[in-house]
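Quick setup: one chain, the form predicted alone, written in structure tokens, and binding and motion questions come after.
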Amino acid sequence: MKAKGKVFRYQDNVDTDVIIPARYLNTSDPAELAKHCMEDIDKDFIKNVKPGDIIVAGKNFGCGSSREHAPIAIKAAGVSCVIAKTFARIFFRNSINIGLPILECEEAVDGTDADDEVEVDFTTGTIRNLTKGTTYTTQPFPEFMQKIIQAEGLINYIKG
């Protein structure tokens, strides 16, 4: 299981209200949520993100509200993976539950800039910055989490 894409870089404490502003929470439609993903922190994000791209961020990514709308908006926008120094715990759980791969790796965050091309191997925990020729290793997903992500979320995993 791998992801490869261009990096969108953000700092510490990106909260769920920035990921998907509360004014758009009158829908749970993933496509509609995606249209507004990151718009309060990066108004051009949705115009520039391509399927497979990767978000790289600092500490405490996904803090704030416990709503699942935030990881749903990110996934529906086409983001294949989020790499951060740390995640808010509820965001971490919500991401896995909806099948959005997320990894914690401080070294990879520090060594990655916006627009770098990055490839992630979730099975080995290897993060390769193809632009800079650097490689980082983090804890790979346990097998059961890989199966949840491959199934596109916990509900599909349980149904399967």
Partner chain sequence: MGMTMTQKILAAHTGLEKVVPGQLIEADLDLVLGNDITSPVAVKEFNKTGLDKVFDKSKVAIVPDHFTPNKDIKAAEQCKFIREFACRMDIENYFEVGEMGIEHCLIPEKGLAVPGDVIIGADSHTCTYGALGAFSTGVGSTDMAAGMATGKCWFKVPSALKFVLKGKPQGWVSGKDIILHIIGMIGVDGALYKSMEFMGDGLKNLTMDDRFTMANMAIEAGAKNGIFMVDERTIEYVKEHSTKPYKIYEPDEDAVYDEVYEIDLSSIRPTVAFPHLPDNTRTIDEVGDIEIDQVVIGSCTNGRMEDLRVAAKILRGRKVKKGVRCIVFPGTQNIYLQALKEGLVEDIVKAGAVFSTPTCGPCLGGHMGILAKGERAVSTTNRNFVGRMGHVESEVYLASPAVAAASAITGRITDPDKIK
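Computed from a prediction, not measured in an experiment: that's the story for all the values here. Residue numbers count along the first chain shown, from 1.
There is also a form predicted together with the partner chain; it is not shown, and the following applies to it.
For the marked spot (H69, R93 and N156), a heavy atom within 4.5 Å of the partner chain in the model of the complex is present in each of the three residues.
Here the chain stands by itself, but in the model of the complex one stretch of 107-115, 120-128, 48-56, 24-32, 24-32, has heavy atoms within 4.5 Å of the partner chain.
Taking the partner from elsewhere, A88 is found to have a heavy atom lying within 4.5 Å of the partner chain in the model of the complex. Among residues of the shown chain, V18 is one whose heavy atoms approach the partner chain to within 4.5 Å in the model of the complex.
Contact annotation: I98 falls within 4.5 Å of the partner chain in the model of the complex, judged by heavy atom distances. Contact check for N13: a heavy atom falls within 4.5 Å of the partner chain in the model of the complex.
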